[in-house]
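Take a look at this one chain, the form predicted alone, written out in structure tokens.
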């Protein structure tokens, strides 16, 4: 393990236009009506960064009214497809041009290393390009009619979409909600995480620079219990697009029921398993994949494999291989380009992860490596990659989403037990199966309820790219995200029947 220097300058300058956090409504930055402030702290140093408004009902009302007016007068939804495509392509180009600065904002606020290409601002720009091209790719349905009837279904936008996004990939998560919502013809009110507000706000400003009409994309920074709740309960919001914890996802469903029965999509927590069979699979490739995914953004990813289910015969060998790879990190300031392993997002999150680690032995888990803090002298929130073996399937570290670099290892005997263990949590977001057997891979794909990735060797290339979509199961959420199917989530089907007899 190496340590990155703490005094090196970031490779990207932070745009001055992105440093002021205020509501962006009808194309202009406005003062929040809230007098209360929330302090944002650098996770790399523990030092104060900036203060943002906590937000208010009045802020939300103004933003929703702006979006409603923009939607009702058709300035965006009724614009020609060519105008929409050109605008979104320009939007993507502006994000790409400012990607280093956006990555620096995210690194400074929540600790995602600027060296990490996964779900960075450049990837966000690419996603906007995809949805720009998708604008005229979705069509309605025509049903067989008799001699006097013509029946069709149109796909139309919901209207005003409230996008509530998490802190772990701020730039990318903003675009993941906003791009398909805009491509579908909606107007948007974005609530970025209070821990990482600046990149989302800057992205909205870039959309305006690209020619998006004023009022189509508004931003209200603030806390979940103020801005998030107000959006969830608002009677003039037509859809909630949420990513976050299962607990808050359930609140969004409650808010929708308590208000106007708005549509809700929610990608929530996960406790995804890697399932490795002793059937000739390349264990080095498996170990590479398991370690890389656990280290990704310090384990702060809802779909990472934090459970390792391994066939008993290869358990010891695989644990050794994975553990050796987890030592190959360069921890340090997330703004340092040499850093490969940054801090956890807050002191609270760090304490939560450490509590899981400290109490795991009480439930019978055996510590293999890690188990402590790193770089405490920096004041940052660094936790060492940690592995436990002999973990009971009912233990807290095997059942609950930790959102940190903690791997729990449990052995299994056969395919049936592997399926049972894979499905043994409340979540159903993703599973990773490592097998050299086509029959085993098909049996696992049919038996596991989550999305399933079969990795007999390490994946390479783009695969389906931005065109893939997924739908969670259990308490991992509801609704489809990604690809054209995900864009359809931001639209409803309107039936049109014509009797011409």
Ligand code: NAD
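Positions refer to the first chain, counted from 1. What you are looking at is a predicted structure, and each value in this text was computed from that prediction instead of being measured.
Below, we turn to the form predicted together with nicotinamide-adenine-dinucleotide (NAD), even though it does not appear here.
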Note: nicotinamide-adenine-dinucleotide (NAD) not shown here; in the predicted complex, the stretch from 85 to 93, 311 to 319, 190 to 198, 390 to 398 having heavy atoms within 4.5 Å of it is 190 to 198
Using 4.5 Å between non-hydrogen atoms, is residue 256 touching nicotinamide-adenine-dinucleotide (NAD) in the predicted complex?
no
Margin query: Can you work out whether residue 228 and nicotinamide-adenine-dinucleotide (NAD) are in contact in the predicted complex, taking contact to mean some heavy atom pair no more than 4.5 Å apart?
Written below: yes
- Query: Does any heavy atom of residue 302 come within 4.5 Å of a heavy atom of nicotinamide-adenine-dinucleotide (NAD) in the predicted complex?
  - Reply: yes
query: Would residue 186 show up as a contact with nicotinamide-adenine-dinucleotide (NAD) in the predicted complex if we use heavy atoms at 4.5 Å?
result: no
Is nicotinamide-adenine-dinucleotide (NAD) in the predicted complex near all of 273, 291 and 409, within 4.5 Å of a heavy atom of each? no
Answer key: of 105, 344, 178, 429, within 4.5 Å of nicotinamide-adenine-dinucleotide (NAD) in the predicted complex (heavy atoms) is 429
Heavy atom within 4.5 Å of nicotinamide-adenine-dinucleotide (NAD) in the predicted complex, from candidates 114, 204, 77, 248, belongs to 248
Within 156 to 175, the residues having any heavy atom within 4.5 Å of nicotinamide-adenine-dinucleotide (NAD) in the predicted complex are 164, 165, 166, 167, 168, 173
